[in-house]
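Just the one chain here, laid out as structure tokens, in the form predicted alone.
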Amino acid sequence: MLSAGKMRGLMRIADEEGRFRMMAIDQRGSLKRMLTKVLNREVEHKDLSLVKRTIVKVLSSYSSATLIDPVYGYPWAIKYFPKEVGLLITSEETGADKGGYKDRERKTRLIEGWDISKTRRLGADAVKLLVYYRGDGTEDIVSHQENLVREVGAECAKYDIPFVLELVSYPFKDDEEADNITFARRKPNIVFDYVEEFSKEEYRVDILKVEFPANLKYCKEFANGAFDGKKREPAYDLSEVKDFCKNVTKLSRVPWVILSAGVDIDEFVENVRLATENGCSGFLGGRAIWQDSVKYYPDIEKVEQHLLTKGVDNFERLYDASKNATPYFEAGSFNGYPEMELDKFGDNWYKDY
């Protein structure tokens, strides 16, 4: 059973089929780094805002919902959001505080001066929070991250708005690197751990936005350098990877979607295809969709032209890859759209709400 605001919000951010085909343009730190390389100068507030506005203007209509930040994005892009497209607003500050083991672990912090009430007031359909998480990390870091999710979950319940939790792992142990076989082998269990943890009702999460539960560059069928030309020792095969996706579906109490994590479009399309064929309800992709267009900035006309061609093509590929996605109302603990009901439903519902 769902509250009225959460039910309406889920309906708004899904497409007509009940699948999530969402775009993220809430990046700040990563986008700033991209623009720094392009401009070879200090990136200003207006640079970030212009890029975000342009991406929303061209591509938002292709998404079931668009995720943006309130710092550089929303105020400048508001006039370009199609009325039929859902809106998600991010809550976390870009980057993270360091701590824990050798100061390698990460603590998420919320945007200063922003809260869930403001997200609701501006007309958003859902809240997104990104949390860096390793369940095998230092106790105080793990507790901080879990308590932050509880806090945001409680606020989303208070203001009756869907809560989309984005979970991102990272290497911090001595034998781990972002691109090594040790971390690749551990990735499935890291994802299983956080999906199981944050599926608990105490966190009040409505959608889990998670990493692909493997690194396809270390999958036997792609380890010959299929995505980046670099050959790697395989950590698993494709059959195992499919089972990883099925296990995420089994562990998740709520619908889950795949994030792009900065991989290129070819790898993300394959991630989406494998995930949605095994229980995932869609995608919430960012850089994989639009990052190649940023290199044309500050020539806005060229940025738009690239988005209208390559960006649109990327979306079409993702739509095709996600054609077997599980509708949200058939995922997790839901039993189909006819079975979805409001909580406290009855003659006096309007009084109790």
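Please read all numbers here as calculations on a predicted model, not as lab measurements. In case it trips you up, residue 1 is the first one in the sequence shown, and so on.
Another form, the form predicted together with a further copy of the same chain, is not on view; read the next lines as being about it.
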| property | result |
| --- | --- |
| Candidate stretches 240 to 248, 105 to 113, 201 to 209, 145 to 153, one within 4.5 Å of a further copy of the same chain in the model of the complex by heavy atom | 105 to 113 |
| Contact test, all of H45, S64 and L87, partner a further copy of the same chain in the model of the complex, heavy atom 4.5 Å | yes |
| Contact test in the model of the complex: L122 vs a further copy of the same chain, heavy atoms, 4.5 Å | yes |
| Partner contact for I181 in the model of the complex: a further copy of the same chain, 4.5 angstroms, heavy atom | no |
| is_contact(V71, a further copy of the same chain) in the model of the complex, heavy atom dist at most 4.5 Å | yes |
| Non-hydrogen atom contact Y159 with a further copy of the same chain in the model of the complex at 4.5 angstroms | yes |
| Position in contact with a further copy of the same chain when the complex is considered in the model of the complex, options K98, K231, K173, K118, heavy atoms within 4.5 Å | K118 |
| Residues in 268 to 307 with any heavy atom within 4.5 Å of a further copy of the same chain in the model of the complex | none |
